[in-house]
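Read the single chain below, which is given as structure tokens and is the form predicted on its own.
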């Protein structure tokens, strides 16, 4: 069973590690993935052994608040309330910090006692929650950011108290420093929360597409009802400018529909009777009446929202680097703080030792390390969704860095997947050939069968029912029509049934294949009566896509069940090398070819196909890319779904995934750089040059590191892979 919990109180990557480590040890918990950015945990567990209440109690004992099941709390305005409360604390803290700072530099009687009294309200209101969080973390033996900050502020405040008691000189009076540190930490978290909120704007946009009310026609009366009350089969009325409420089929009306929010395609698509429409898209000019086919969680939009959410919380392998660093980070920093303060105690005095300890403890922030990967993934996956590139698993970013091969399926991927009958060669009339072939093919959903049926329909041929029908995958179909055995399929089907092809037909078959046409042979009672040449046009951007991939160092391959000659003609036209073309491949053999290419690729391999028929090959490749037009079949296949059939989205995905990977690496670099440079400075490495890092400046630098990482990730929101 999988449940997503919303958790409040996590402040840094150490919190993530603490929860994951503790909960994963519980009996019955199979896996847990905690997301700092999303403030959630996705937990897989066996409900026969442990229940979600026990898991929640365990998390709360670690010092965090479990807000509940994600679906039940996401709509609550908790985040906005938290932000307002933080802002109030910042204002209060700033006022008291300035007041305490001023007291330090004015000559008044009983100054230490006055400063002590002034410090108490902000200490309780702003600093106490941080001390409490730090204490809770210590109780479960976790050294998180609150512990570090509590130690820094605690040392400062105790020093000030000792001054008030007359045990230390006045220059140890750090009341202002304590309150300023608490205020700056709160400011940092406020800014961080605001920035983090912007990283998931794509999800909010998608959720904003969902319709709340729908206009339905029941008993010849138009009613506006809540979307929850729409049922499958309802008739919905959509006027110009209105959003389509659910997935459905047009049964009346013509209009253009803006589907850019789903497919990324900016040009509206014409819709007429029989066409599918997707919920959340916008009817542009005409009135449409549709029959509701999918509602609620079954709609394409709902599935996309869920898939994007899942992808945003998944962790690529590169995250392991940050996780490993975080687990050592705070103990190492704590050691540096102790050693450096001891050094300065003996070489500079107790005041220098105390300020050094506070500065090192305050500047040590693993937040940036913890945010480096999830912020880039959240923004990158969201940007992909806006472009019509649906990324379902963040492992695609691990692959992006060393992608070497792109394997294309032919029909429906490189070609349009809308084959048409071009030629019929027979001693019979073409109507007679189509009558026989169509009667058998009417039971098939294969694109070639649909082409034959379409041609038969154009010629007004009335098809009958076969007495027997059998589909043979990768070859064709057989059946009985009027007590005669009929075969409709490729050359291999004829060979398997020992049907010879005469010289005239052999020449015609070769000619058709050399012109990139698929040949369907029709035979009755072991005698060929005709051949049908079927063509499928190459997609507009197929050639430039192969060329762009080559320029990026990615070799293109093509796998098809079609004949060798036709495959080579198509491959040559789009620029795929002849030795990279695999023809006459049965569907179940495609995955073996993908596996073979993987073994020799010296890098990662991606397979791109048009849906469920290519599922084995999609799952065998390092990354499977399904091309579809918003169909649920395409959504179920592969780690990536291109919601638009245009192949330029292939290069769009490759460029986007490489850009996100680059951003993750850049974020990690800056996260490490901040700490690698500033921790030694805070520890006094530059004291000999009179460069000191005061605690307040250290707190500001800590805040800046997290803000920098989030800001860099937000740049992905403006990334356009086609510019």
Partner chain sequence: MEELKLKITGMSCQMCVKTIKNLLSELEGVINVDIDLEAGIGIITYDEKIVNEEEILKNEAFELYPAEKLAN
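For the two forms, the rigid core is made up of the largest set of C-alpha atoms that agree within 1.5 Å on superposition. Everything numeric in this text was worked out from a predicted model, so none of it was measured. Positions refer to the first chain, counted from 1.
There is also a form predicted in complex with the partner chain; it is not shown, and the following applies to it.
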Notebook entry, point to check: Looking at the partner-bound form in the model of the complex, is residue 12 within 4.5 Å of the partner chain by any heavy atom?
Noted result: yes
Note to self: Against the partner chain in the model of the complex, would residue 60 count as a contact residue? Criterion: heavy atoms within 4.5 Å.
What the structure shows: yes
Next item on the list: Find out whether any non-hydrogen atom of residue 18 is located within 4.5 angstroms of the partner chain in the model of the complex, and reply yes or no.
Entry: yes
Check: Is residue 708 close enough to the partner chain in the model of the complex to count, meaning some heavy atom within 4.5 Å?
Finding: no
Note to self: Looking at heavy atoms inside 4.5 Å, which stretch does the partner chain contact in the model of the complex, given the options 679-687, 665-673, 22-30, 650-658?
What the structure shows: 22-30
Next item on the list: Indicate whether residue 716 shows a C-alpha shift of 2 Å or more between the shown form and the other one, with the rigid core used for the fit.
Entry: no
Next item on the list: Pin down for me whether the residue 125-residue 59 Cα distance shrinks or grows in the model of the complex relative to this form (closer or farther, change of 3 Å or more).
Entry: farther
